[in-house]
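Given next, in structure tokens, is a single chain: the form predicted alone.
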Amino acid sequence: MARLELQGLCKGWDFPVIDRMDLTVEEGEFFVIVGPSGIGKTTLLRLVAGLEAPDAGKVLVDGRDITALPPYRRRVAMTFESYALYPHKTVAENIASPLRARKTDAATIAKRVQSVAELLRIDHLLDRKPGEVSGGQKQRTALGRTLVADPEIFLLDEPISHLDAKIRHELRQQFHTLEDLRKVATLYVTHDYAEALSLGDRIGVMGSGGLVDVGTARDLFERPANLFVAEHLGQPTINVIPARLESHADVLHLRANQGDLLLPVDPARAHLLAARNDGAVTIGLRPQFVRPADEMPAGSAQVTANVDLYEALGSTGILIADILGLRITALTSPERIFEHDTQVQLAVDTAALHYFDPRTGANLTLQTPGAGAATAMASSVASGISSRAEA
């Protein structure tokens, strides 16, 4: 088994795509990088594989610097997004190609190809050519070619992005159970947040220049480092609401800039906003924490909205509502029906709100000096805002 380390890795053309990136993937770890298309995920894999040369920094495997080694000397196997199969060769020949390149004996090749093909359930396709199999079977063939190489590092570049939903789900399950992938460091990239949350032992969210947050699925979903991370994890996407702090009867509230939405700030979190001298804050509200009032506990903050659109998706419902120009996405029970342009009473779990700095996007919720002083600080903040308003 092997450990992958990236130290100060840089790569750019007209602008830096990867800028001084550090990352360690432990042996046996399935590390997923998620991010929008064109952000540099494939470039990162190509740097590790040796298909691109970094402008600066190092790639190490088990402490050995392999930055200057050509691809064929790296013991790194990569599955490409586009399959990259030889169209004139059979499935068996495609899977066997890394072993043939290493001049492995024929008996070992045959045994290894059969074993991998059975694992991926394509052993009945070994005599066919890529043009004679489905997209999912092509992808399994490409994955088999990666597995058969017995590498130190696995690199998987959006390996199931072109497949239909049923096959994607099936292959995700296989990634969990393939022992070959769990023996070495695996770096998997995708733009699909569901893949990332499902597969990753740890997940890195990639933004401009490199990773902007790293953690487990739960960490990233519940405690995103910034607004960029929050917007890229979750479906439907998080509601993003520019707001200002106001004080009403010594209770701190948030008022949306775009509509008449007034929410009380949870006292346990009011201290997070103590430094907001201008009162500006960006609210992050995940749709599962805003629902029709009769589906939420009594005492939740409520607001009246107009139904704009409703989608019944079988296991859940997605309600898009308008609050005087402010559009909010909420989740509902699947059996509900909401007619367009009718009124609905929504309830919000204010304890689940995220607070982001409107200038930097940083998650203010993570800046927790301690809950003990929360109530006193909430009163102090409210008084400060009230004094500024009077001034």
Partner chain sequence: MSEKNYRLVRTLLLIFLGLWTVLTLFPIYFKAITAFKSPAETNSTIPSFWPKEWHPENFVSVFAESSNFQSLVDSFVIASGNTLLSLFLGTLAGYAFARFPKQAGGENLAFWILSNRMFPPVAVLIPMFFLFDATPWGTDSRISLIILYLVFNMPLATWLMMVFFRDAPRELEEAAYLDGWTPLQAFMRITLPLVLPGMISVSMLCWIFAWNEYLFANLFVGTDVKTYTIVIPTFTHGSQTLWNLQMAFSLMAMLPPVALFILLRRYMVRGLSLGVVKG
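Residue numbers count along the first chain shown, from 1. Computed from a predicted structure; not experimentally measured.
What comes next is about the form predicted in complex with its partner chain, which is not displayed.
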Which residue among 189, 76, 203, 185 has a heavy atom within 4.5 angstroms of its partner chain in the predicted bound form? 76
Can you pick the one in 248, 121, 100, 111 that has a heavy atom within 4.5 Å of its partner chain in the predicted bound form? 100
How about residue 82: is it within 4.5 Å of its partner chain in the predicted bound form, going by heavy atoms? yes
Under a 4.5 Å heavy atom criterion, is residue 87 part of the interface with its partner chain in the predicted bound form? yes
Find out whether any non-hydrogen atom of residue 140 is located within 4.5 angstroms of its partner chain in the predicted bound form, and reply yes or no. no
Looking in the predicted bound form, any heavy atom of residue 297 within 4.5 Å of its partner chain? no
Tell me which of 297-305, 132-140, 100-108, 113-121 has residues with heavy atoms within 4.5 angstroms of its partner chain in the predicted bound form? 100-108
In sequence order, which positions of 49-76 have a non-hydrogen atom within 4.5 Å of its partner chain in the predicted bound form? 49, 51, 71, 72, 76
